[in-house]
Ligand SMILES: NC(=O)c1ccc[n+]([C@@H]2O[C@H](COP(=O)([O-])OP(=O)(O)OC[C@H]3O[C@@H](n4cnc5c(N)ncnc54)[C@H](O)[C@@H]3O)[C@@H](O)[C@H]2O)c1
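We begin with a single chain expressed as structure tokens, specifically the form predicted on its own.
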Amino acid sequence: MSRVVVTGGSGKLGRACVSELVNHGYDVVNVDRVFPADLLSRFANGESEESLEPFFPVRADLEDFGETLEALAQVDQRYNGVDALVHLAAIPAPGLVPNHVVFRINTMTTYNAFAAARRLGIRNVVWASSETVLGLPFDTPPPAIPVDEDMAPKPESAYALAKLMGEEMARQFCRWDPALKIIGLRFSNVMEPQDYRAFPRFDAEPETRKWNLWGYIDARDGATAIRLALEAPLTGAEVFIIANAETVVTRPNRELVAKFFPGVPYREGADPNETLLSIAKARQMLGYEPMHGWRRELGESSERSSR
């Protein structure tokens, strides 16, 4: 495996993914409709054209199957042949467009990506599912906390429903082709270092983050999870929750669950601030271990300021 197409490589998680794969020796192609917002400024600040090339997108509409198929086959002057696919392109959250639009776009682009990969013999596919399939925003409490992949999906929005349709499509595509691997990563709320400035407010107002059990994922750790999923010697369809190892607040989990989810069984972990979106399966099967987080980032920022 050497050449990887990353759809949606211009987004928050996509940019981190492209960087992660390039830094680990992969030939990466960004396929997107969007031009990365920071690309021109990075070039102006002295980065070479060669280092920035993977971020320059091949512009394609993935709702169009023909464009998707060709983007995964070859594009003159850029590449010919693809070994693996990372499918991140999507409307990134509920509430940004009307419900039928988010469902149509996210379902069709995922189908087209899977179908084009199968047609072209690309048997290593990793894609972005979502924590939302777990029942977010948890207006109806989960059956137990922490939640994990054994819990029955419970989509509460058109966005979550589209992600669940993607997971089911992955299972059926892999049934059709037992040599195919399609790994869905149920990413928590993706954060970049600058986003950690808001975390002290989350700590002061934990009710504002009840909607996803106080979870998050650093984009850099999300990118690592993608690379590990690409490299995993698996076949078939699998899903993994991908979150940080810690919550966004300092209040102990037992207090949070007792206050905001009274009556819900709480399976206590070793760490009072351990993620309530269980990453045990990803740790066991992918070797995933988050390395970045808000406590470390804000601590390092405070240390730099005091020098």
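Start at 1 with the first residue shown and count on from there. Keep in mind it's a predicted model, so treat the numbers as computed, not measured.
Absent from the display: the form predicted together with this ligand. The rest refers to it.
Partner-proximal stretch of 199-207, 140-148, 180-188, 118-126 relative to this ligand in the predicted complex, 4.5 angstroms, heavy atom: Result of the contact check: 180-188.
Single option in 229, 133, 71, 88 placed near this ligand in the predicted complex, where near means a heavy atom within 4.5 Å: Comparing distances to this ligand in the predicted complex, the residue within 4.5 Å is 88.
Option touching this ligand, based on a heavy atom within 4.5 Å in the predicted complex, out of 28, 62, 249, 257: The residue in contact is 62.
Triplet 33, 92 and 159 all within 4.5 Å of this ligand in the predicted complex via a heavy atom: Answer is yes for this spot.
Any non-hydrogen atom of residue 11 within 4.5 angstroms of this ligand in the predicted complex: Result yes; residue 11 sits at the interface with this ligand in the predicted complex.
This ligand contact in the predicted complex: residue 107, any heavy atom under 4.5 Å: No, residue 107 is distant from the partner.
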